[in-house]
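What follows is one chain in structure tokens, specifically the form predicted alone.
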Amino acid sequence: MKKFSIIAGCALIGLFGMGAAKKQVITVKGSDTIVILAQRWAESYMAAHPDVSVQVTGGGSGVGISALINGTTDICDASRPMKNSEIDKLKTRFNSLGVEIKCAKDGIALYLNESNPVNELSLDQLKAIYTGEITNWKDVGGKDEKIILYGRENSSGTYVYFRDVVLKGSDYAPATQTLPGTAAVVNAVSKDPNGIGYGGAAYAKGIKLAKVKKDAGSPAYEPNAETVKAGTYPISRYLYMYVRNKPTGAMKAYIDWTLSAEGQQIVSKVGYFPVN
């Protein structure tokens, strides 16, 4: 009788083991700008594909790219292109240049407190503000108050893009308060009447957006689907996914879905702009 029980128990274990299908895991890591979109994609995809687990974490574009190079993530989200030095490291370790996938578009938004009377800023003014040349709101049409600068940490792709494109390679003013995520920048500006910050358009809640103009004589635009698509918003950019090699299997199916009409619909719902 005891023998039968042991054999039957083993049979049952085998039966249940065969029935429990192992989930395929896809890890995604990187850009804080993209993380809210990546989480929405993951939730929607897993609801329709219970055999797949998509695990999303942020940390910044630099953190995601390092994880891709180190082999600790399948997909890296980045709000800037990979640098040549990063591609060289990937090639050295995996003998691959990686694969770049443009997954959405974004307009880097300039966050102002809702009480701030300033409504628009030129790229030259933004450069002067963030390099510390302009330090008082009265110099750009606002109140006689000190400008309080908020920005991202240097592992952020948005930090790099803003420095390269808006500051034209100049250093940020030492007074810039660096914060660990875009949500933290928005939160700080929402509580500071004299604050200014920058980040992805999808995070713009509880603050107002400054319209941005290319130069003093140009019209000013807010980042929206129309201005980003037309290229009239002057600080528009692509958002990227990077993988080490040409994706196959479950990872290819997931990436293809993010670029499909259904996946790009989620891009719009989150507050970014479709690539197609």
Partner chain sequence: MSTFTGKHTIRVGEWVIETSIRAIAFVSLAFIVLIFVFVLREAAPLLIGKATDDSGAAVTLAKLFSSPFWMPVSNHPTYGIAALILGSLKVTLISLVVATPLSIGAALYTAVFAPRWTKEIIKPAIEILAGFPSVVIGFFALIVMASFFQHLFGLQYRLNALTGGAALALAVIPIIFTLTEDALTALPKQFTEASVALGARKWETALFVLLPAATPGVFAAVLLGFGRAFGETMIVLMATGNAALLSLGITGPVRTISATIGAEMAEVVFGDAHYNVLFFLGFLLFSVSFSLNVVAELFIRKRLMKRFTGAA
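Because the structure is a prediction, the values reported are computed rather than measured. Numbering follows the first chain given and starts at 1.
There is another form of this protein, the form predicted in complex with its partner chain, and it is not shown here; the text below is about that form.
Shown alone here, S236 lies farther than 4.5 Å from its partner chain in the predicted complex, counting heavy atoms only. By the criterion of a heavy atom within 4.5 Å, E114 is excluded from the residues contacting its partner chain in the predicted complex. In the predicted complex, at least one heavy atom of V160 sits within 4.5 Å of a heavy atom of its partner chain. Residue contact with its partner chain in the predicted complex: K191 places a heavy atom within 4.5 Å of it. Look at 148-156, 71-79, 101-109, 114-122: in the predicted complex, residues with non-hydrogen atoms within 4.5 angstroms of its partner chain sit in 148-156.
Contact annotation: of the candidates P180, G206, G132, G141, the single residue with a non-hydrogen atom within 4.5 angstroms of its partner chain in the predicted complex is P180. Contact annotation for 99-133: no residue has a non-hydrogen atom within 4.5 angstroms of its partner chain in the predicted complex.
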